[in-house]
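Starting off, we have a lone chain in the form predicted on its own, written out as structure tokens.
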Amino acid sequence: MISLSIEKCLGFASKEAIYAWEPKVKAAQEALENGTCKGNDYLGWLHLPSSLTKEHLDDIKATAQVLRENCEVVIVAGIGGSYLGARAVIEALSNSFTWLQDKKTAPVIIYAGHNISEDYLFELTEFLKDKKFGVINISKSGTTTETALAFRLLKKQCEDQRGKEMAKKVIVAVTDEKKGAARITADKEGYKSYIIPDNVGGRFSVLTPVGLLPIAIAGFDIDKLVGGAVEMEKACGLNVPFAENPAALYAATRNELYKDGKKIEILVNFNPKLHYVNEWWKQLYGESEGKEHKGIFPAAVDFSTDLHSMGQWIQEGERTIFETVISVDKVDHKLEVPSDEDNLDGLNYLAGKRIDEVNKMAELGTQLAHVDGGVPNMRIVIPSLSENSIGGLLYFFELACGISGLLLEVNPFNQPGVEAYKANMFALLNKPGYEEASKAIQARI
């Protein structure tokens, strides 16, 4: 079970001020539970972990096995929440160098549809020319430009290389139940398909087939992942006292710091495998809270790497930041610092110590330095990089995000601002139906 410490925030925000948020937090939780909040048509994630059935998970695992048996590579085609959750989990749980090894126990997972880079897509299609590959097309509409463009290329290449019949076997659609281009294509071609629930937004969808299918294909235990989320769903429930509810306490603390001028939250990890958890978190909070000219700006760093790039700014830059550190209690492997007779690097004082002990002292030393430098610090401890722990961490952040957005008095579940760039892009590309917009935008440039 994950734990949260706010002790190193208390020199910046008093415990009394943080705990004064309890009534508002309780009201936000009740609004989520009762469906009376803004965006209440997108609350399907709230009790998603405990509602997932064995039959549903077994079906996902069966489909995953088909792709595992028939593919060397599987491409996850999606953007934003359609790929970040899966990537966060897969990279957190994977061996850092598996993709370089000749003997692999699972298909290599590659991501596409999250950019419009011609070089990236060309290099991807070149890489796949001699590979047995499959595709998961993740899109509710099937018309999101980045993903639809990538899928169009990959569908043709898969059919050309593997034949129509095999392509039907190794292309899976995760899309709307009834409508949209991806649904029509899946039904026409006979692809296995899964539904993105109407009441679950993309950034909250990691525990739907959007995330669970790629994670299962990568060889990880989705039962344990969901189990960790179920545990956290209970640990952060409506009836759990405020002081014992990590999601409630996190939401209150960050909002109190924001009220006092801390406008930027930096999510910190000391394990490079958590890099894409940071990226997933940035979308979750940025897209949920950044509205009506309000919201904490979500940033992220990988320590100790970024201490040698961003460390100076964090230590002595503008004091508008606070940090939330994800700490991993127990690592998977053991490696000790060897002794060296010449000791030219001066590291013999560390001989016999585990690398993780050195990392933990870097973590503690950094936290103390940053607090001394005027940066409040929260600390989230997860037991290990395991399916159970990561599942709990994801749900913790989702629930805290819902609460926190309501404390800000915005709708945490929509993203109206995302459409602005799309409308301009369509007008610039002369998409049918955008003729008037095209004329207007051409006049501007």
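Note that residue numbering follows the sequence shown and begins at 1. Predicted model only: the values in this text are computed from it and were never measured.
There is another form of the same protein, the form predicted in complex with 5-phosphoarabinonic acid; it is not shown, and what comes next is about it.
Taking a 4.5 Å heavy atom cutoff to 5-phosphoarabinonic acid in the predicted bound form, the contact residue among N388, T63, N377, Q415 is Q415. Exactly one listed residue, out of K140, R87, H370, R254, brings a non-hydrogen atom to within 4.5 Å of 5-phosphoarabinonic acid in the predicted bound form: K140. Although the partner is absent from this view, T324 stays clear of 5-phosphoarabinonic acid in the predicted bound form, with no non-hydrogen atom inside 4.5 angstroms.
In the predicted bound form, 5-phosphoarabinonic acid stays beyond 4.5 Å of every heavy atom belonging to N278. Among residues of the shown chain, I79 is one whose heavy atoms approach 5-phosphoarabinonic acid to within 4.5 Å in the predicted bound form. Although the partner is absent here, G202 sits close enough that one of its heavy atoms falls within 4.5 Å of 5-phosphoarabinonic acid in the predicted bound form.
From the list 313-321, 102-110, 279-287, 120-128, the contact stretch for 5-phosphoarabinonic acid in the predicted bound form under a 4.5 Å heavy atom rule is 279-287. Although 5-phosphoarabinonic acid is not shown here, in the predicted bound form the stretch 113-129 places no heavy atom of any residue within 4.5 Å of it.
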